[in-house]
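The form predicted on its own is given below as one chain in structure tokens.
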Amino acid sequence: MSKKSEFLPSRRGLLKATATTAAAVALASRGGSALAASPPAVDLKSYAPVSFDADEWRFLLAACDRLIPDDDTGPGALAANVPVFIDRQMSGDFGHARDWYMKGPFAKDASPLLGYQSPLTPAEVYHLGIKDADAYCRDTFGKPFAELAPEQRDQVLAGLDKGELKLPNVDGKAFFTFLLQNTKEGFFADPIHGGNKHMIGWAMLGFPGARGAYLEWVDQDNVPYPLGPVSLSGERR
């Protein structure tokens, strides 16, 4: 059975499209100063999520696996601990929208320039989106999302992406947008944030990470960078 996800652009295309912003995502930090060494990367199989219950966690694992699957390009979202990144984000400032303006009125058809248009925090969008999507899967296929065949999972994700799958308690398109955005961020952010285990995403792009100096390579087009990436905590690959 093919592991390729058909409803989205190819994995290679996704990685290329994200490469232009990888550096900004990778090097961003709260304090802007040197960070203490992070603990070793966790084992995804034994990781205990703090933001999701068991059913939500199974959904998240299955969804991330379809958004960036293992294929001939390289390891996928699960190998990179992307669900760990998302779990930590949902328990932090982003998940609770602590620095967002969250007062109404909210307009569904407002321009993106007017900002986020929902009273729900990202964490609430995830909880409601997963609950509703799993209910849809049980009604339609007789199984929760995590137990569906890959092609069926792609069908559900495609419906959310296109706005065709209407969920009763949350906007399905908004839920999918967060899910895809955070999956890509978890694949390319510095490992100190929980994802990009052993800098898998950076190694695939040839991105040097937080090396102190690589200015001499900036103007050398089509020349492979010879050194592996370095994380903010000093991990090298």
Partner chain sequence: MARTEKPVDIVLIGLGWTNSIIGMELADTGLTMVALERGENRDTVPDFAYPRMIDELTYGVRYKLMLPPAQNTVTMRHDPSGTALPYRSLGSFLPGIGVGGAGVHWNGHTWRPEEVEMRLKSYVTETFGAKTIPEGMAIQDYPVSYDELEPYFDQFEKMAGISGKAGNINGQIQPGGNPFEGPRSSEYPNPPLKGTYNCRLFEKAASEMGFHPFPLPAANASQAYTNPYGMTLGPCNYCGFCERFGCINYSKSSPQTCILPALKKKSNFSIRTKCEVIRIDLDKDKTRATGVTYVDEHGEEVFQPADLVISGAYSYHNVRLLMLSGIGEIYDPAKKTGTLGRNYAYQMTGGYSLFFKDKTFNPFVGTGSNAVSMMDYGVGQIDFGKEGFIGGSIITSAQYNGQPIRSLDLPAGSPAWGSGWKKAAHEWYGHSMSIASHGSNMSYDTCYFDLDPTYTDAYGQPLLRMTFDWKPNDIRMTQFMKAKIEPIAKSLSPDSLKASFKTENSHYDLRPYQTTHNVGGAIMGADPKTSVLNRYLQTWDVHNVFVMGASAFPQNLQFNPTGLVGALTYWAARAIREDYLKDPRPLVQA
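Between two forms, the rigid core is defined as the largest C-alpha subset superposing within 1.5 Å. Positions refer to the first chain, counted from 1. Since this is a predicted model, take the numbers as computed values, not measurements.
We do not show the form predicted in complex with its partner chain, though everything after this point is about it.
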Exercise. Heavy atom to heavy atom, is A62 within 4.5 Å of its partner chain in the model of the complex?
Worked result: no
Exercise. Heavy atom to heavy atom, is D99 within 4.5 Å of its partner chain in the model of the complex?
Worked result: yes
Problem set entry | Heavy atom of F207 within 4.5 Å of its partner chain in the model of the complex | yes
For this session: Consider L44 of the chain shown here, and say whether it contacts its partner chain in the model of the complex, taking contact as heavy atoms within 4.5 Å.
Result: no
Exercise. Given that its partner chain is left out here, which of A133, V84, V125, L157 has a heavy atom within 4.5 Å of it in the model of the complex?
Worked result: L157
Exercise. Are there residues in 205 to 222 with a heavy atom within 4.5 Å of its partner chain in the model of the complex, and which are they, in order?
Worked result: L205, G206, F207, P208, G209, A210, R211, G212, A213, Y214, L215, W217, V218, D219, D221, N222
Problem set entry | Did A110 shift 2 Å or more between this form and the one not shown, C-alpha, core superposed | yes
Problem set entry | Cα separation of G74 and V218 in the model of the complex versus here, shift of 3 Å or more | farther
Exercise. Relative to what is shown, are the Cα atoms of K108 and D161 closer or farther apart in the model of the complex, where the gap shifts by 3 Å or more?
Worked result: farther
